[in-house]
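Next up is one chain by itself, shown in structure tokens, the form predicted alone.
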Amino acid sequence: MKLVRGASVRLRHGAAAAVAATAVLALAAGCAGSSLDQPAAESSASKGAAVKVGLLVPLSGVYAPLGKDMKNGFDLYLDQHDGKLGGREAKVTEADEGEGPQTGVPAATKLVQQDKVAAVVGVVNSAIALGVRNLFDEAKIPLVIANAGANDITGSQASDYVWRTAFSNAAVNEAIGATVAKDMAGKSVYILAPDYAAGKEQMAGFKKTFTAAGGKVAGEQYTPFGKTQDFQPYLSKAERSGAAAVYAFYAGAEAVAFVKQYDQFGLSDKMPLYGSGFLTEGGVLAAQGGAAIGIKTSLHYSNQLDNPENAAFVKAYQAAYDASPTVYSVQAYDAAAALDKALKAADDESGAAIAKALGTVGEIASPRGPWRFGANHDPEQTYYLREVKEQNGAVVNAVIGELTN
């Protein structure tokens, strides 16, 4: 993936403490940029009646904390833009995605068929995103995905009406492969991840660039998803493999347990731990505490990023919610920004016109750094190398560099 380059990264010493601990399972991820401090300008083309927008995020169940972060990010953008998108009042209808397709698909169907929204933002779960693909494609209503990372969403199941402001599972991990290979200098790495689609896709992305750069895989294990509490058997096998380091993807409750046991088992001092950024993102980092110090990860955001947009975003987010923003918050914030620009640029208020306009929004000035939609409707963005460090009494994902594929 070609990356959109931002300004050089500097660490924000004294940035806000990490979000309070939450243990949940995570998912099945040209024009002037949108400013954090200036409301969207109204144009003659965008004047008129209110625009109906659906916000489809988990409001209940194990994914609810992610849904809360996403809702906070989306709401913050609206608050900063006088409640408008495209210069028009935004009437937002919230729907509970729940935990899977059995709840998410009916919720999306209601937004499209009964609530008659012009566009929908959200979706945490990849199975839901894939399950509603045909609904939005056939109804010709844009869906701006603000989290779900399945590769097929913008790959084999791509649609003119489905866009993503988050990530693909492969891309997050492809970005760090060559860096880990360089760090290992010919030594091998052991791979650990949960046994489900996202785990397999994330590890495939890492192996692609890691091995291409000369890295060697000593072995890999896929642990029962959502069921593994004792990682000691897997960690013992990793230690006996002769690998010099471990690369892992876990999220939510599994990430907390894995990182704590990795440290308790004494591997932190023997085998450096690398991983997908979700391993230490958001509430799980506070729960991991000092056990996470030294872990290096790849992700497209950290609340420690030093750029003007992020400084303003972190300050505003903390003031509004008494919490630090996460990657989930930013992805939804940027979904609102992209939709704002598309609604202003659209020739009319039809779904077809809005979807077409999404392809013309150009560069967005984001807390993550500047990004834009690529030809496949995924964001072209910078991925950052992050290292967990202790700063001002809290553990944070300090940014130590930018990553390239």
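Just so we're on the same page, rigid core means the largest C-alpha set that superposes within 1.5 Å between forms. In case it trips you up, residue 1 is the first one in the sequence shown, and so on. All values derive from a computational prediction rather than experimental measurement.
One more form of this protein should be noted, the form predicted together with P-hydroxybenzoic acid (PHB), which is absent from this view; the next part is about it.
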| item | value |
| --- | --- |
| Of Ala251, Ala193, Val121, Val189, the one that lies within 4.5 Å of P-hydroxybenzoic acid (PHB) in the predicted bound form (heavy atoms) | Ala251 |
| One residue of Phe278, Tyr161, Tyr77, Tyr301 in contact with P-hydroxybenzoic acid (PHB), assessed in the predicted bound form (non-hydrogen atom, 4.5 angstroms) | Phe278 |
| Contact at Tyr247, Leu273 and Asn397 by P-hydroxybenzoic acid (PHB) in the predicted bound form, all three, heavy atom at most 4.5 Å | no |
| is_contact(Asn125, P-hydroxybenzoic acid (PHB)) in the predicted bound form, heavy atom dist at most 4.5 Å | yes |
| Touches P-hydroxybenzoic acid (PHB) in the predicted bound form: Gln202 (any heavy atom, 4.5 Å) | yes |
| Non-hydrogen atom contact Asn147 with P-hydroxybenzoic acid (PHB) in the predicted bound form at 4.5 angstroms | yes |
| Exercise: Phe167 in contact with P-hydroxybenzoic acid (PHB) in the predicted bound form, heavy atom 4.5 Å | yes |
| Which of 63-71, 332-340, 346-354, 49-57 lines the interface with P-hydroxybenzoic acid (PHB) in the predicted bound form (heavy atom within 4.5 Å) | 63-71 |
| Cα displacement of Pro194 between the shown form and the other one reaching 2 Å, rigid core superposed | yes |
| After fitting the core, Phe74 CA displacement of 2 Å or more between the shown form and the other one | no |
